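The data below hold one chain only, encoded as structure tokens and taken in the form predicted on its own.
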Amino acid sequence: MAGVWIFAENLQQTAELLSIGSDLASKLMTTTSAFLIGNTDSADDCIAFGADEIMELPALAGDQPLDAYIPVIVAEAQTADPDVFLIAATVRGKDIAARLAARLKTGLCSDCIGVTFDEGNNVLEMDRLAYGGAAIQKVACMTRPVMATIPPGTYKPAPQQSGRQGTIRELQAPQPSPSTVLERRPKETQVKDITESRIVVCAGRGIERKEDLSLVQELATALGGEIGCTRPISEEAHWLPEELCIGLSGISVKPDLYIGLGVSGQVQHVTGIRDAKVICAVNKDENAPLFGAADYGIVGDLYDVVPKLIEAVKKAKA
């Protein structure tokens, strides 16, 4: 038995991986299987998203870490010999993927932004960012299963197909992990998740004072969007939370409209907005790198340009 396997921590991530997984399975003329952690209510949803088989992992006894499932998954893989194994690139997902790859003695491509099947050479090719986002590295793994971790949000969730049929199989309960979780504390955040925002207005180093962020927020509010920032604003000046930092070391956004205010546009930041539909730049430096990535640009002082943009937006909505 072969196939494309999916492992993720929640239904949303599973639906995203099934989007690319089902496409690969079609080209490889095989099936898709998804692991599901102790929630039979989601099995039908996973099948509707494209899974042909659901492998249910029983809920862990007590407060065990996810790595307790590794021996069970390895045993299944050694028996079934899957072609491809896609895992969500969360903190826990990447840890599990590395351990699985080591036990299965296969390669692992981390943080892939694309997976394609080269029919001519009959190999899977995986794309990942390299050199701080300045280049895209293409990787081909010749061992089985081909393993890759894919960041959440890389693919849109697969469309649901009502009435779709699949099989559900419960796997054996894992042995207790040698590690024990003593306490779980959710990370506290006071800001909205902007990764799903349709409009993002980003504050860059060109903002001179913390109180001037109100100008950025006013434009974002007028447009019905959210505010983001570059690393100097969050990590150096500490004017905004790190959860709003956009770039290679922060978050990636895919808005319909991105506006960079006083953003120079170094490659590490541009990597985080590469999938934005429309990129606009406002900067008084005509040589700012962001203009090279922008669809529209305004060369000018943001303190002069932004109030005019706010006025124009409000006038258009009146």
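Owing to the predicted nature of the structure, the values given are computational and were not obtained by experimental measurement. A residue's number is simply how far along the shown sequence it sits, counting from 1. The term rigid core refers to the most C-alpha atoms you can superpose between the two forms while keeping them within 1.5 Å.
A second form of this protein, the form predicted in complex with a small molecule, is not displayed here; the remarks below concern that form.
The candidate site formed by Leu248, Val282 and Ala288 is fully in contact with the small molecule in the model of the complex, as each residue has a non-hydrogen atom within 4.5 angstroms of it. Looking at Gln268, you'd find a heavy atom of it within 4.5 angstroms of the small molecule in the model of the complex. With a 4.5 Å cutoff on heavy atoms, Arg103 does not count as touching the small molecule in the model of the complex; it lies far away. Contact check for Pro307: every heavy atom lies farther than 4.5 Å from the small molecule in the model of the complex. Looking at Ser264, you'd find a heavy atom of it within 4.5 angstroms of the small molecule in the model of the complex.
Partner proximity in the model of the complex, defined as non-hydrogen atoms within 4.5 angstroms of the small molecule, places exactly one of 173-181, 153-161, 224-232, 137-145 at the interface: 224-232.
Comment: the small molecule is not present in this chain, but in the model of the complex one of Gly166, Gly206, Pro82, Gly93 has a heavy atom within 4.5 Å of it, namely Gly206.
Think of it this way: in the model of the complex, the small molecule has a heavy atom of just one of Ile20, Leu302, Ala15, Ala294 within 4.5 Å, and the residue is Leu302.
Comparing the forms between the shown form and the other one, the C-alpha position of Glu9 differs by less than 2 angstroms, with the core used for superposition.
With the core superposed, Asp81 shows a C-alpha displacement below 2 Å between the shown form and the other one.
Superposed on the core, the two forms differ at Ser234: its CA moves 2 Å or more between the shown form and the other one.
Contraction of the Glu235-Ala89 CA spacing by 3 Å or more is recorded in the model of the complex, set against this form. Annotation for the pair Arg92/Glu235: C-alpha atoms approach each other in the model of the complex, by 3 Å or more compared with this form.
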